[in-house]
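Okay, here we've got a single chain as structure tokens, the form predicted alone, with questions on binding and movement later.
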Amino acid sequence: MNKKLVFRRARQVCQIFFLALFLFLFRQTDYTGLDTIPYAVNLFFRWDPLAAAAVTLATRTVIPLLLPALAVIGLTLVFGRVFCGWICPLGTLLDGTARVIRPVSRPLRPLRHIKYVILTVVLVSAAFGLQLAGWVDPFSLLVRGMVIAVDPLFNALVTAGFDAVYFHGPGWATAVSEPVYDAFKSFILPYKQSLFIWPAVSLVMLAGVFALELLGRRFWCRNLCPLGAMLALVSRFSFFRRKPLLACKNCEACHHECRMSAFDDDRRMMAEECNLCLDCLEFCPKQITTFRFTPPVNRAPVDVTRRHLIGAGLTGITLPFLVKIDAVAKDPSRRVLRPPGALAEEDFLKTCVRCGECLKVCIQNALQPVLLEQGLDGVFTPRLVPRLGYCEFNCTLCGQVCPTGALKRLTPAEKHAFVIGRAVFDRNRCLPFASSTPCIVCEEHCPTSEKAIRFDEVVVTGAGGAALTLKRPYVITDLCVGCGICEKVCPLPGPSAVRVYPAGEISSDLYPV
């Protein structure tokens, strides 16, 4: 086999392997009947240098979970941006859509500097305490979009198709489709049909990355990806490089065919832009291109100006202070319930990279993404919404999949004692208070070993003037952990008569027991 074809096939095999690994780990981020995730499902986040740098800067702490990112830095120091061209699952998916999404216009003027601007804004903002990595990190965009929109949508469509055959198809079709559906449920479909708030937002953000392919191949990677920018800067010192470093005179092949647009107007190769796709081994008409180990020589400067960097730095400094003066973020009534194991709110916001892994693994679909309820700082962080689902008392999965430690990994005993919030009864809605109607549903479901919901027995005058003995619930605050099951199972339509508030938000003056 032709040596150049071997390199190309090797890259394709490598891309397929890591994409398959990514999809396998994504599917394993799910409840399987056990309170244990047997795989390192957050692996791609743990070797993400952008997430590691942003979290380290924001928290001023080295997070051991993110140390594998140093391996990617080491790999880049040797081979350049091989991670972008050979490993990144988002890059592989973009390559895979090349036959479907073709550029509709001539290549735009290179916009490579934008990714360095975005990287600077993210890192400077992180240094001042604002975590923006989740907005632009390629893994956060990809996983969050898949968790909140793509996976639930795929499950709904596939299930609807099989349901249509089952309920309306002929008998022979059902006999064929049911074993196929069982196989889908075992290996491809998620454990349950999840529902999330505003899935269209995450879907549009992810679809936008793919839509940019209309403007040029790997448009996101070449111009916008801050992780690519970080690896590009590191690759300036790499040893594995293309030769020759100059495009040939009277030949536009490198300019026109390079998917990363790695040549400047003076025909100089910018090593930091090359993702080692190896296409130039094939399209070079003179067949003179090769890749080999050589001392790092950079004839072209990084395509970003000092003015760009100063502007990005000032933006990165301004944004954290803009968030600090946002009254929305300071309004106590807008505080949300965080998942079990969450760090203190300020540290949690700095550490969470908005990946959506905890949302996916939540058994009861209780974790939902925050949108603008807490201002810019809280967007896409997880919150517990008890009316949609409660926190399973014996579940510790969300802490197991968090890649940055924003959610601590809890033992079952620690989970049972962790206080998410406190339940409070609304006497204007609770049936025994508001209409003298017997109801003990909340107490029946309370999971704590010593019931956190108990009753006062009172005698009231019922319909017709007869005496009626009622059990009126109240909460033992020290026993309540705020799992939210009481709010979930409250039989009232609309808002529940018992609400869970973040710990510290409860005023006994408002709802006296």
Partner chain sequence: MDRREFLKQVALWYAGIMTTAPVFRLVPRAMAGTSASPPSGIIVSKGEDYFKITAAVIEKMGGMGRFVKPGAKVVVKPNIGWDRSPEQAANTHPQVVRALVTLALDAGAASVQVFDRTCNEERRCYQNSGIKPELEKIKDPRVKCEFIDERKFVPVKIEGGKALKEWQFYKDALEADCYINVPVAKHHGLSGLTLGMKNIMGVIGGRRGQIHHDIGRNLADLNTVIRPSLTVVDATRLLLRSGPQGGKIEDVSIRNTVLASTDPVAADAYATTLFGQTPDAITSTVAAFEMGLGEMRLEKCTITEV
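Numbering follows the first chain given and starts at 1. Just so it is clear, the model here is predicted, and its values are computed rather than measured.
Keep in mind the form predicted together with the partner chain is missing from the figure; the text below concerns it.
K.L.:
At 4.5 Å between heavy atoms, is Thr461 in contact with the partner chain in the predicted complex?
P.N.:
Thr461: no, not in contact with the partner chain in the predicted complex.
K.L.:
Can you tell me whether Ser449 touches the partner chain? I mean in the predicted complex, with a 4.5 angstroms heavy atom cut-off.
P.N.:
Ser449: contacts the partner chain in the predicted complex.
K.L.:
Could you tell me if Arg46 has a non-hydrogen atom within 4.5 Å of the partner chain in the predicted complex?
P.N.:
It does not: once the partner chain is placed as it appears in the predicted complex, Arg46 has no heavy atom within 4.5 Å of it.
K.L.:
With a 4.5 Å heavy atom cut-off, would you call Glu444 a contact of the partner chain in the predicted complex?
P.N.:
Yes, Glu444 is a contact residue.
K.L.:
Of these, 431-439, 332-340, 240-248, 348-356, which stretch puts a heavy atom within 4.5 angstroms of the partner chain in the predicted complex?
P.N.:
Correct option: 431-439.
K.L.:
So which of Leu322, Ala253, Leu215, Ile363 gets a non-hydrogen atom within 4.5 Å of the partner chain in the predicted complex?
P.N.:
That would be Ile363.
K.L.:
Which one, Arg427, Arg409, Arg387, Arg236, lies within 4.5 Å of the partner chain in the predicted complex by heavy atoms?
P.N.:
Partner contact (heavy atom, 4.5 Å) among the options: Arg387.
K.L.:
In the predicted complex, do Arg267, Ala271 and Pro285 all reach within 4.5 Å of the partner chain through at least one heavy atom apiece?
P.N.:
So, no: the whole triplet misses the partner chain.
K.L.:
Going by heavy atoms, what in 384-406 lies within 4.5 angstroms of the partner chain in the predicted complex?
P.N.:
Heavy-atom contacts within 4.5 Å come from Arg387, Tyr390, Glu392, Phe393, Asn394, Cys395.
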